[in-house]
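One chain comes next, on its own, written out as structure tokens in the form predicted alone.
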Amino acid sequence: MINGYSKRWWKEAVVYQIYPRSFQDSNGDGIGDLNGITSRLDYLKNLGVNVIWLSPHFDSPNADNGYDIRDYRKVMTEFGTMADFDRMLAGIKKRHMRLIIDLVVNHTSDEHKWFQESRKSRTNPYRDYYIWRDGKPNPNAPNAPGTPPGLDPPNNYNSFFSGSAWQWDETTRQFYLHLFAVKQPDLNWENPKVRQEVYSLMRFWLDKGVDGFRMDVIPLISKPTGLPDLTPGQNAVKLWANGPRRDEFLQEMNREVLSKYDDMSVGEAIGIDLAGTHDIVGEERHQLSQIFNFDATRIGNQGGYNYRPLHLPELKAVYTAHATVLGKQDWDTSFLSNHDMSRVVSRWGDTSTPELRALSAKLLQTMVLTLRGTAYLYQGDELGMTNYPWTKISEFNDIEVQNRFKTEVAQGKLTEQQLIAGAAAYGRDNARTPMQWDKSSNAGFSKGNHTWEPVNPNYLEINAADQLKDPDSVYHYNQRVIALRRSDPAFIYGDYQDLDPTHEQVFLYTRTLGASSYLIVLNFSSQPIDYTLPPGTQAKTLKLGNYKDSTDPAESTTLHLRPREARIYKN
């Protein structure tokens, strides 16, 4: 035990998420692959990360970029073979790193053999692997696309990707539920055979040597009893995420699989609020190691792609709430990015000049790596990669953007230019453009003539090769912060306190464990600020900062902070 916390390897980890389609192409087809990842393992080892999270690499028709799985025990052909996976895993282990993979078991692809059987007849042995329902008779029902005249869907659920969450299937004349794309039918976790199939595939990968799972939309596996209509104003996601048997299913998963391995499990906790976090991650609950709570990253979201600017006290309040509500039996996560978000330096930083962009990237990573919880970096954040300059709907690959164009633009709810502007600022494609390795063609991502997503034209200014040669680069700064984090358990198991929660430009907090105490100072403004420390606060020894030198002598009570400056003091 340290400071009341049980000691676990995954609490001390710095996790690096790889989106394999966009990381490194080894064969020139314009699509990243497993051999490409293997070729870059030394880059990751030198950065200092010790866990790699691999986004879905399974066989898939790619209706949702791999989150529609056709075969859980097969590698996607574009990514390579199982031999390539084994070679990559061996390379990771050789470098004393670990690997977690995505577990996508709320739904499958409609091309999965289970669903292919399920849709054949109402009496097929696989029928109850999915959620099938009769439609509601309605003589006045419009003849909506995919729905027979005179029938409404079983209830009024809408999918996350626009439109009804129910799809009519003519063969058996019933609807199936898909909370995501039409090609992603939801599994029926009420069926014990489904659960055993899931546990079997989990054992397959754990026995192969992976170290755990990031679990996609895992709270959604238990559906509301009877699937009643949503009432006006009801929060659908919260309803779906708090189904009556969710905890029972996760405890069974833990009992039958997770507890038998030295693994980590992190749930994408869509629909789970802070008050409900303990139910899933509390050690005595025997469910998951940790979850992603999106309170911080969704600050300012006013629906869809409509955001207001970051208000720093709101962000601080999120982290104070986490420190207050989560106890010693719980564990948190620290992240600002993933494959479903726009680039954080474009979202919350200042990209108006190369200098401010780099400083912003360093500041944001300072925060991620010094807050409470296991730290997660998304590929390219260590370089300060930015959003792509999208201008046309046809450039977007994301099914969410395409579906919104077909529905919201077609229905007059948005203009095409409004959708493009919103998706350009906050859409998921921003995180999925190819990694920027060097100044060669396609940023060194691929030797082919075409890449699956466009390469950001700023790769000539932002790329790994240049940053590896520059000791003052965003990459090397991340390397130093990771090393500092690893050098002192105060950053892992220490207490957290926000010292100035209402200040609108400066984020000031401590991490303290016994006699070891650190003061973190972050100027979120692009203007210089003369900042007077609160009474009793000390800034003794500057351990690290995102400027080359400090403007203030040790133990100054007023700090002359430069634009987007980050400092870490040891007190």
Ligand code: TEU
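All residue numbers are counted from 1 along the displayed sequence. On a predicted model such as this, the values are computed, not experimentally measured, just so you know.
There is also a form predicted together with the named molecule; it is not shown, and the following applies to it.
### Message
So in the model of the complex, is the named molecule close enough to residue 98 to count as touching (4.5 Å, heavy atoms)?
### Response
Residue 98: no contact with the named molecule in the model of the complex.
Item to complete: Would you please decide whether residue 59 lies within 4.5 angstroms of the named molecule in the model of the complex, comparing each non-hydrogen atom pair?
Response: No, residue 59 sits far enough from the named molecule in the model of the complex that none of its heavy atoms falls within 4.5 Å.
May I ask you to state whether residue 524 is within 4.5 Å of the named molecule in the model of the complex, using heavy atom distances? Contact with the named molecule, no.
Partner proximity in the model of the complex: residue 268 to the named molecule, non-hydrogen atom cutoff 4.5 Å: So residue 268 counts as contacting the named molecule.
Practice prompt. Quick one: from 400, 84, 350, 263, grab the residue that has a heavy atom within 4.5 Å of the named molecule in the model of the complex.
Written response: By the 4.5 Å heavy-atom cutoff, the listed residue in contact is 400.
Select from the listed residues 420, 455, 217, 258 the one whose heavy atoms reach within 4.5 Å of the named molecule in the model of the complex. Checking each option against the named molecule in the model of the complex, the one that comes within 4.5 Å is 217.
Option from 177-185, 462-470, 245-253, 439-447 whose residues, in the model of the complex, bring a heavy atom within 4.5 Å of the named molecule:
Checking each option against the 4.5 Å cut-off leaves 177-185.
Within 158-179, which residues come within 4.5 Å of the named molecule in the model of the complex, counting heavy atoms only? Residues within 4.5 Å: 160, 161.
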